[in-house]
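Below: one protein chain in two forms, given as structure tokens, structure 1 then structure 2.
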Structure 1
Amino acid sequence: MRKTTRKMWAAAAGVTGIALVATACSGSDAGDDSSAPSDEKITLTISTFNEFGYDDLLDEYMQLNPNITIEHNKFATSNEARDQFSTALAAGSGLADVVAVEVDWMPEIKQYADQFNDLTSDSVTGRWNDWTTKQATTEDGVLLAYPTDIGPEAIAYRADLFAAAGLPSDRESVKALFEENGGDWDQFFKVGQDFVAASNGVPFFDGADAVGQGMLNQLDAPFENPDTGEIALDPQVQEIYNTLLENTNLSSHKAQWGEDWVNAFQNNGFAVMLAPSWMLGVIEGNAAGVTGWDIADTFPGGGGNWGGSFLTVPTQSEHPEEAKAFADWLTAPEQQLKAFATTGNFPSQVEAQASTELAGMTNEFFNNAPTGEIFKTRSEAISVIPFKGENYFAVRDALSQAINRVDVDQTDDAATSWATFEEAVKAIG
């Protein structure tokens, strides 16, 4: 699940980096505990962020394992979770027994692999798409985390606002509209310009940076050379930046996850969002009581994957075997299907992805859209998994700030903000 809220990883890494190096050399011995899960009465803690759809599953696990009490710490955003994660990892204490992390953190987590238990086991061999497993595996074959979900992207839209603007509104017609003229990003922005011209002041999308995330997800190596790891911006990054800021008249000028963005769901703040599957639960939660949301089975330029999350078992855990078994259970196909039904987190588990149960799932809030079928199709359209090295998060955060200075804060022009971004990138690399 990407809940990639772009906040200050660079700062957090800068503050905690030295301490992390120190603790990486003197990690806890807890991971050496090879004892099997027992019937001892214990408490396991798990930390997540945003919405993983785990509330009912945690109750179910405790019913299945009456000797285990689960305590759930759910952070409101991934930023908050990441800040606590960085601080506790550096301190050597304070992490939950099972910690949810998102994919953009993985390159840096691999630097501190000895702070996490190896989760390799026969029960999880072949469980996930190879590319998700690779994201969580070190070069010497240590599996640091269990993938919880992936983020195939579709377009979520307000059918009522489309109809009011004189545009097609049923999901098949909207799909056809976005796929005119080759269905690329130019067509996406054209639809936006047509919408805004007739919408009586309603913006088209929530924010330029959010749209930029979908565009960046289609680049093989946006920020770094995969062979060397050195920062090397793909020239298309600046093209994306320019395109976004030439179309800010389509934006509601909201930064994702901010208070204004959350409130905008309740007041017709915008008509369209790029929607990785995990975003469905976010939209439904923020737009409670609002009718008209639907999902179109299409995405500009083909397919894309936004995010994905994982469960780790830090060596700080006092119950690593029980925590590993718990994380294993949460990421089994049956549980991933239940999470999808609850919040839209699309299974990373290949057996779950192929199931007829998934294919038949619908979502009442999104006009009974066949979300299982739609996101299965969208997952099959994913053709690029961008390279993300150690500098990815910091460079992406700097780019996000550059876009938001123009689109959200409106304190800078596009050219000046790009120059500031380039200076920030030089400082990182």
Structure 2
Amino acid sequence: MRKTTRKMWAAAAGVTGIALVATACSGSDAGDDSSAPSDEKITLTISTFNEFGYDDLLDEYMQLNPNITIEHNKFATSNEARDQFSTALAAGSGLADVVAVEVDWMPEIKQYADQFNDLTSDSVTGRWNDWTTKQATTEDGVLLAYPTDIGPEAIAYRADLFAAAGLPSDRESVKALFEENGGDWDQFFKVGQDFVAASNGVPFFDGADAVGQGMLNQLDAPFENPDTGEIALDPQVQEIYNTLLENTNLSSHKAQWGEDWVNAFQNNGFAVMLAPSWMLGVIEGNAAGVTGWDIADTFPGGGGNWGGSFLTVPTQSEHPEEAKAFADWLTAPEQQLKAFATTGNFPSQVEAQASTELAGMTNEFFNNAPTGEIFKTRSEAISVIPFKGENYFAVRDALSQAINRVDVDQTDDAATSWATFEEAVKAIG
């Protein structure tokens, strides 16, 4: 903001200082510059959230393009970034040149498609899995965002705790165990019951809501009607809700991201977590010093995708061409692989996914698990991408609270909490 104003003042001073002719020239000059990257010194801003693993990449880009300075604005959480995003979009100013957005914000981006630059270009055709590109493409075929990563889900587990409970503990047998009886969610909960029966009080998973996330991500349209966008709960949502709350004895009753959850990693708080690829960094950070974490190449009920992000170039940007080139570069295969190596953000790029470099990647913390290979298989297993409309965020929040009232707070029973949830959903509409 401040920068643009200062620039505007400078421009105004220039206009009054020099003659009219000169200003006309400078105006057309600026136009030429933006169409073909030149030596003009410019500053590009990029805003991201959580951890995109971009710090080194940004330095690299500045070295490759000495005329470009990049300013990086990192939001702590995607909620924070989304709030700023909505406000700046509504205000018509304040967005960075390249804005990282989460897949859950796509409905509003599509709704205000005219505020974003069309990113279609020859260099990016066929770059991504079709379903990711589809998420970022409007009905008229305009590509509004470059996918940066996806979140194929696997099961992360504590091999030592599994062994202590008399369950198989190596990667392959755990995979086989979860895939018995068709490998659906019933089997997941059955393994949980077996585990808890022999675990000496160690809960199976971290929290019911976290498991619910994995189950909800396998519904086509959990909360809204894809045609009308109106709120319409899939009856399966209530089934999932009931299943989760019937199995709260498996839960460690922690709310994900909460203080107690973070600390539970250090004292055998639970043995299993549904882990999208980006979660590995989170687990490693919280469980520093704890040994025994491993990853099984399986997921109940098939595959699932949790999260994934995109880069957009809003029309607010003063240097759309440079910003586009920059976003293009960031989402190219080599860069996505580097980001995966730093933070575990799994590439959305087909070429990167197929690369031998990815296939060879392992993760020391997770008992040297071949993470590249595992998440590649997991990404291929993704068959459903839920529809998320305008009200998805709000309904999802309300459902989390309903589950947590019973699972975490334990102040409510399943039936009353569901009734409260239904009231809350009515208030959203």
Partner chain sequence: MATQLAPTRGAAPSRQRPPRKIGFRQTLGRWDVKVSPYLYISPFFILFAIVGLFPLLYTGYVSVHEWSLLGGKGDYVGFENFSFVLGQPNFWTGLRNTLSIFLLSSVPQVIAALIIAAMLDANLRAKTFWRMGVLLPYVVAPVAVALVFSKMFADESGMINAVLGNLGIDPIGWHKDVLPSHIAIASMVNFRWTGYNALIFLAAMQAIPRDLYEAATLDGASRVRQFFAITIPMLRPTMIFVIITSTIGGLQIYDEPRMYDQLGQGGNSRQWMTITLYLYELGWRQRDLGRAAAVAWLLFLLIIIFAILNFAITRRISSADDMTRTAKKARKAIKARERSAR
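Quick caveat: nothing in here was measured; it's all calculated off a predicted structure. Structure 1's sequence is the ruler for residue numbers, which start at 1. For the two forms, the rigid core is made up of the largest set of C-alpha atoms that agree within 1.5 Å on superposition.
Participant: Assuming the other structure does not fit, state which one is the form predicted on its own.
Facilitator: Structure 1 is the matching one, since it is the form predicted on its own.
Participant: Are Ala232 and Gly126 part of one rigid piece when the chain shifts between the two structures?
Facilitator: Different rigid parts: Ala232 and Gly126 travel as separate units between the two structures.
Participant: Could you check how many degrees the smaller rigid part rotates against the larger between the two structures?
Facilitator: After superposing the larger part, the smaller part appears rotated by 12 degrees.
Participant: With both forms put on the same core, how far apart in Å are the CA positions of Asp97 between the two structures?
Facilitator: Value for Asp97 between the two structures: 5.2 Å of C-alpha shift.
Participant: Can you give the C-alpha shift of Trp131 between the two structures in Å, rounded to one decimal, after superposing the rigid core?
Facilitator: On core superposition, this C-alpha lies 2.6 Å from its counterpart.
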